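The form predicted alone is given below as one chain in C-alpha cells.
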C-alpha cells in the first residue's frame, strides 16, 4: 500500500447524491488516511449521511468533524453531542476563543468521549492574513496551554507552517499539523509536508476529478517519497 498523508475533505458539490460521494470515497480509500466532514455536508445530508459515510470510512485513522467551533463551551458541546456515537474521533475548533469558558471545557468533554481536539491557528483564504494571522503568537500560546492533538495551518502559506512548527517544538509541544489549501486553492501536493505539516487536507482536487483514483494515487506517491 502506498503511504499517504491525505485527509479527504468530503464536501457537497452541486446536486451530488450521498451514494455518489460514498462511491467516490470507496474508489480512493486505499490512498487516504482520513476524511473530514464540514457543516455544508451536515446541512445537505444530515446525521444519517454522516453515518453512511463513516460506515465506509470507519477503518481510517482520522474521522474528523469540522464545525470550526467558535462559541462558549455549552454551545460547542451541544453541537458535538449528536455526533458522539456515529464514529468520529477528531473535532475542529477555533483557537481564538480562548480557554476559560471555551476550549478548556470543550477539551475535557472531548477527552471523556475519546475524541481528539484540533485547533485552527490560521486559515487558507487571504482574509486570514488580514485578521487571524496578526494574532499568531497568541494563538500559539493557546495551543501550548490546551495541548490539542493537532492544529490547522494552511498549505497556501508554508512560511507559517514552518514558523508555527518551530515555535511549538521549541516549547516542547508536539502536535500534528493539518494543512488545507492543496489543489483548488493553489498549493501543490507535498508542499505542506515539505514545510513541516503531517497531513494535507484535499477535497475537490480528488473528490470531483474525472479520475479520482489516479489523482489520489499520484498525490499519495508524492507523500510516500517525503515521509520515508
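Residue numbers count along the first chain shown, from 1. The structure displayed is predicted, hence computed values, not measured ones.
Separately, the form predicted together with another copy of the chain exists; it is not shown, and the next lines address it.
Taking the partner from elsewhere, every residue among 78, 124 and 135 has a non-hydrogen atom within 4.5 angstroms of another copy of the chain in the predicted bound form. The closest heavy atom approach of residue 28 to another copy of the chain in the predicted bound form falls outside 4.5 Å. Proximity of residue 68 to another copy of the chain in the predicted bound form falls within the 4.5 Å heavy atom cutoff. Contact annotation: residue 185 falls within 4.5 Å of another copy of the chain in the predicted bound form, judged by heavy atom distances. For residue 85, no non-hydrogen atom is located within 4.5 Å of another copy of the chain in the predicted bound form, even though that partner is not displayed. Only one listed stretch (195-203, 33-41, 157-165, 56-64) carries heavy atoms within 4.5 Å of another copy of the chain in the predicted bound form, and that stretch is 33-41.
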